[in-house]
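Quick setup: one chain, the form predicted on its own, written in structure tokens, and binding and motion questions come after.
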Amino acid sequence: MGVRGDPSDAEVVARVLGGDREVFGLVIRRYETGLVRFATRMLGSSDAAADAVAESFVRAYRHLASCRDPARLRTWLYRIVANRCKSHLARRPIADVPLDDAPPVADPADSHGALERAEQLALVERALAQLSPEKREAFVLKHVEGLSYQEMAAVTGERIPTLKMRVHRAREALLHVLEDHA
């Protein structure tokens, strides 16, 4: 059993494969928030991210039997979402910059600090959008989603030294962009 008496990922997979389709809802409740956050940072659009995650859950459900290690379901789901995001980015024209995730207009009642944080977050989001998809993916998996390099390797299919270099270069590029705006 997992947290609060919920079945573990491996138990959920076994139950779904055994015909209890309803229990797949547990997988969605467990992982949807993190996957949408990851996809939003990869795609720069919450709408595109929601679509990518929804498509990924459908794909995961259909191909659940191919999940070789059900105990590592989370990593497997991140890999599916990462692939959906890469497909989406490959189809999107370079100049297609989404506007739906622009920072919200500040409420005059908000404190100056909140406005400053929103501006900083918007700057980081724009800087992330300037990274190559590979660097963005590595940075977001490591520093936003908190995956280990081992988990990142399972998600991306890349070697750990390659991922470490991508995270390092992404960090350098982000720092450069942020320093230019300081």
Partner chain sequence: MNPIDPRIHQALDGEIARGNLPADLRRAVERLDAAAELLAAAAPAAGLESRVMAGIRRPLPSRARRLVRWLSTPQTVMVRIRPAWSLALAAAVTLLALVPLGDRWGGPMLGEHEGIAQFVGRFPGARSVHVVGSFNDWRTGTIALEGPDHDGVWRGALVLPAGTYEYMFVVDGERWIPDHLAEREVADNFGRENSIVIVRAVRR
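A quick note: this is a predicted structure, and the numbers were derived from the prediction, not measured. Residue numbers count along the first chain shown, from 1.
Keep in mind that the form predicted in complex with the partner chain is missing from the display, and what follows is about it.
- Under a 4.5 angstroms non-hydrogen atom cutoff, the partner chain in the predicted complex lacks Arg15 among its neighbouring residues.
- Heavy atoms of Glu11 never reach within 4.5 Å of the partner chain in the predicted complex, leaving it off the interface.
- Among heavy atoms of Leu43, none comes within 4.5 Å of the partner chain in the predicted complex.
- Contact check for Ala90: a heavy atom falls within 4.5 Å of the partner chain in the predicted complex.
- Of all the residues from 19-38, those having a non-hydrogen atom no more than 4.5 Å from the partner chain in the predicted complex are Arg21, Glu22, Phe24, Gly25, Ile28, Arg29, Glu32, Thr33, Val36, Arg37.
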